[in-house]
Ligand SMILES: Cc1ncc(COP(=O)(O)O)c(C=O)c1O
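Only one chain comes next, encoded as structure tokens, the form predicted alone.
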């Protein structure tokens, strides 16, 4: 195990631009802990990273946008779902740095009409927004599945005299314009914060639970945990892909991060925990369990989850506690990865039949 200072020093050697507000708070969830006797539940508030309503993507963009600058690019091209948190924060980061953003947004069967949530924010950041039907694109996490859309956009920008940077979704897979797992480095930084904050609180976390989609957050955090928190499990609750698929991305990205950090070892099978039991009917598809989780956290902690990522991760964490996956007495840290703007376009599903009539 390395010291926080040595890992911090190594991480500091990588170029980055300070887009996120760090460190984020970490504290005990007293209400939730009281509701689940036998567990001490904590939250790491990465919804408060500051950039465009916050979220985990800000840490990634600290490193990825430095690569954009170093390559002399003046435009970022990326993609995601219609309510993509990633695209929202990319657009904000580019706007802050005086760059243009082109977003390819894919509309699925549960799309929501009109400019709302993240789509509204994308427009406020003056992103070039292009909407496509998801159709049969397959695995949206890989550039190969969307190349037929992304390459024409990049070619169009080049014909206008611009220098586009093709940013993989999540900013951690080594593809497009990226030559390293730069986004995931941000979550080595998060591991440093957790190690420092756990020492301040005099609490050793047995498990960290998070929503995992494009895998960069889990991979970076897991690599950081290998260096600093070897006794802490990192449990990913998948919101998009199968356990096998997401685990493959976690391994590929995590091993590259460890290599960049100068570590000789690689991730082992036992390190990579991805649970795909809580995806429900699909990515971004709302269900009543998610609604219950959102309302419970709001009313017990004053904490807002989102319906796509953290809501499903909280459903998974609580269910796993009930099933005995976590040992009684464990200290469990929930990583809140943001996504709050998505609450608004899902308002009807969240409040369906629950709101009293307005009294005038």
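What you see is a predicted model; the values in this text were computed from it and never measured. Positions refer to the first chain, counted from 1.
Below, we refer to the form predicted together with the ligand, which is not included among the displayed structures.
Go through 323 to 331, 56 to 64, 35 to 43, 294 to 302 and give me the stretch that gets within 4.5 Å of the ligand in the predicted complex, heavy atoms only.
Careful reading of the contacts points to 56 to 64.
Quick one: does residue 337 come within 4.5 Å of the ligand in the predicted complex, counting heavy atoms only?
Residue 337: contacts the ligand in the predicted complex.
is_contact(residue 91, the ligand) in the predicted complex, heavy atom dist at most 4.5 Å:
So residue 91 does not count as contacting the ligand.
Would residue 213 count as touching the ligand in the predicted complex under a 4.5 Å heavy atom rule?
Yes, residue 213 is a contact residue.
Looking at the partner-bound form in the predicted complex, is residue 217 within 4.5 Å of the ligand by any heavy atom?
Heavy-atom contact with the ligand at 4.5 Å: present for residue 217.
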